[in-house]
Structures are given as structure tokens and as C-alpha cells.
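One chain is shown next in C-alpha cells, namely the form predicted alone.
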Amino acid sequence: MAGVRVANINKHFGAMKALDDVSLDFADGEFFGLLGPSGSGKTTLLRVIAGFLFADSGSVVIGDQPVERVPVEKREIGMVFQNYALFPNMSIADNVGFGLRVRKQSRAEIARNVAQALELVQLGHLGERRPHQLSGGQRQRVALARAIVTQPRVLLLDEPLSALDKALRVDMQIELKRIQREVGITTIFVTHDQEEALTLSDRIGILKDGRLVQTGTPHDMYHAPVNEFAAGFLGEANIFKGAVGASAMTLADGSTIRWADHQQDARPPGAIAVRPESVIVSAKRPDEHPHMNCLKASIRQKIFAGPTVTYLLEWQDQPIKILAKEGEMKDIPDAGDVWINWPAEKSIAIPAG
């Protein structure tokens, strides 16, 4: 196994700059999620690490070996694609063993290694079947077994679960995390799914327009975004702006929003974010409290989704989203004016600039 380091990576496609001076370290054995909107550069970065693309400038190091001009077949990486890329005319066992045959392992070694890989992904009983006889989740497990059977130093996953339905994706997230932990391989995966990134990753990197916006643990990224883009992209956020004082922000209607002192750096924040699940809706104005924020808003829509209810509100022509557990706000009307409130410690102070 090995860690990966990319330093000052730049990549152009014609006039478009797909990667703009990107530097990242991926620790040995960690599960790292690359997250970003379409066109942000995350897949391009993965392909540069894999060797399918060469960067215009910058370096790629796997373990202690610089590999920026090493061809893909010599980088000792395993890769799982969005569309599985299985050979339809081969059995599952033959698909998994394809890379071992290319490496000219003996039949006995291939049989042993394939059996171990299929057992790891819990498909040991399906080795003789063909890909079309398996479900989408099973085919994705086969693709994963094929990627790890050669014992690569790094595993790269490009939107590995996007072709699966929601329920199956959740199951596969659990399985993928289990397998990665058992193998202990450095894993870098690309996703546009925020929940998937939060669930699977030890650390996350957010890309936008080819530049690295922020890296950190899922907890730190969610609770301490470095700017408005990061706040709104990794999870949903209600953003407030106004005149910033020493310890509070004054909004356009004269209301104030407070935040906890430990939540900001030396500079005053440029905006305040609050997560939908942190806000409470009240039919009556709550008693004033120095550590609580309170605004009057209007309900525009109430969306029931089984265990949760989403309230779409409006404050000063600004949409506000609130997420509550079913039954938590039984006295709230379906329409009309209400009060929204949240503790100052739930305000996220977003750095200015």
C-alpha cells in the first residue's frame, strides 16, 4: 500500500483550465473523497493520478516513486468505473482474474487469488455466472474485486455507485467501506453526491473550476466551511449577510444574528450560515435569550417525507429551508407567519473574502 501526493498540478484542454495548481496529499490507507460540481476537475485529477492523462505541469508521487510520466499499466493502481466495464462474454471469475492473466500468474495462483477476492466481496458462490445474470450491485462488487485482486498500491473509484438506485447505493456504501477497511488500501473516489462523500470519507476535498477549495474531515468540512460555496455545496445551508459588528450581524430588517466566539478566526465573518436541521420553528415568538437567534418568516410549503418534514419558508424575500423530524413541530401550521430560532453556537461564521 502507499500514499499519494500531487503537487502543483495544472491541466488544460484547449483554452479551458481543468486543473489549476492543485496540490493534495492522500495518506496511506485513507478513504479520500473528491467532491465537486460537474466540470470542477475531480475526474480529471483522478485520471491524472491513474495515468490516463498526463498533467501539463506538476508532479504525482505514489509511495516514494514519481510517476507523472509512468504509463498507467505500471503505476500499480486499481480502478473502478461508473459503468462497471465488465467483459460480457466472460464468467465472473474470468473477469476478476483478467489482470492476473495479463501478469502471467499460474493457473493455481489465479484460482486462489480470484477465490479470495470474490469471498471478500461476498460473491464466492457466483464465479461461474456471466455479468448479465447479476444485479447492478453485484456487478459493481465484481468490478471492485477485479480492481483489488492484483493487490494494487492505490484504488481509484470514479462515481462507483452512481448507476445504482438509492436503496442499493446505501447498502453498497456500507460494503465499500467494509472492504476498504479490510484491505487497508489507499482509496481515492470521485463523487458528486454530498451524502456519499460524508458517509464514506476519512477526508474530503472540494474542487471548483479546477481549483481546490477546501480539504478536511467530514465533520470539519460540514461545521467549518471556508466560504459560501463550501457551505452550500457540502450539505445545505441558509446564508445570511448584513452589517457585521463585534459579536453580531445586523440584517436588513434590523434583526441581529449572533454566533459563538470560538467559531470564527481573527477576522469578522463575511456571512453567517445555519444548517436546516439546526433551526426550530415556533408558532409563537419565543422569549428573548442572549444566546438564541430569532427571525419572523412565512411558511411557503411543507413537505412530508416519512421520518422527516421539510419546511420551505421566506424571510425578507430570501428562501429558508428547515428540516425537522416528524412529530417535532406538531403545532406548526401549513401556511402563515412563524418564528424561526436557533442557538448562537449553531451559527456558522463564514470567513470574509
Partner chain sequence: MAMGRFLERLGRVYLGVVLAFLYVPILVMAVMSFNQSEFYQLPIRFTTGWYEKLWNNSEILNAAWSSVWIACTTTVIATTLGTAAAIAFFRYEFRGKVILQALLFPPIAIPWLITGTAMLIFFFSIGLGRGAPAVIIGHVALALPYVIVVVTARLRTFDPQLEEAARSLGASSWEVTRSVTLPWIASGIIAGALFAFAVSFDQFVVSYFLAEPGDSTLPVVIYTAIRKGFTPEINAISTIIIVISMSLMLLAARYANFGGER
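Numbering follows the first chain given and starts at 1. Since the model is a prediction, treat every value here as computed from it, not as a measurement.
One more form of this protein should be noted, the form predicted in complex with its partner chain, which is absent from this view; the next part is about it.
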property	result
One stretch from 252-260, 189-197, 82-90, 212-220 that, in the predicted complex, holds residues within 4.5 Å of its partner chain by heavy atom	82-90
Close approach of R47 to its partner chain in the predicted complex, 4.5 Å, heavy atom	yes
Partner proximity in the predicted complex: E277 to its partner chain, non-hydrogen atom cutoff 4.5 Å	no
Non-hydrogen atom contact G137 with its partner chain in the predicted complex at 4.5 angstroms	no
Residue contact check: H125 to its partner chain in the predicted complex, 4.5 Å heavy atom	no
Contacting member of G235, P269, G99, G242, with respect to its partner chain in the predicted complex [4.5 Å, heavy atom]	G99
Of R178, R103, R107, R129, the one that lies within 4.5 Å of its partner chain in the predicted complex (heavy atoms)	R103
Candidate spot F52, I77 and R146, all three touching its partner chain in the predicted complex (heavy atom, 4.5 Å)	yes
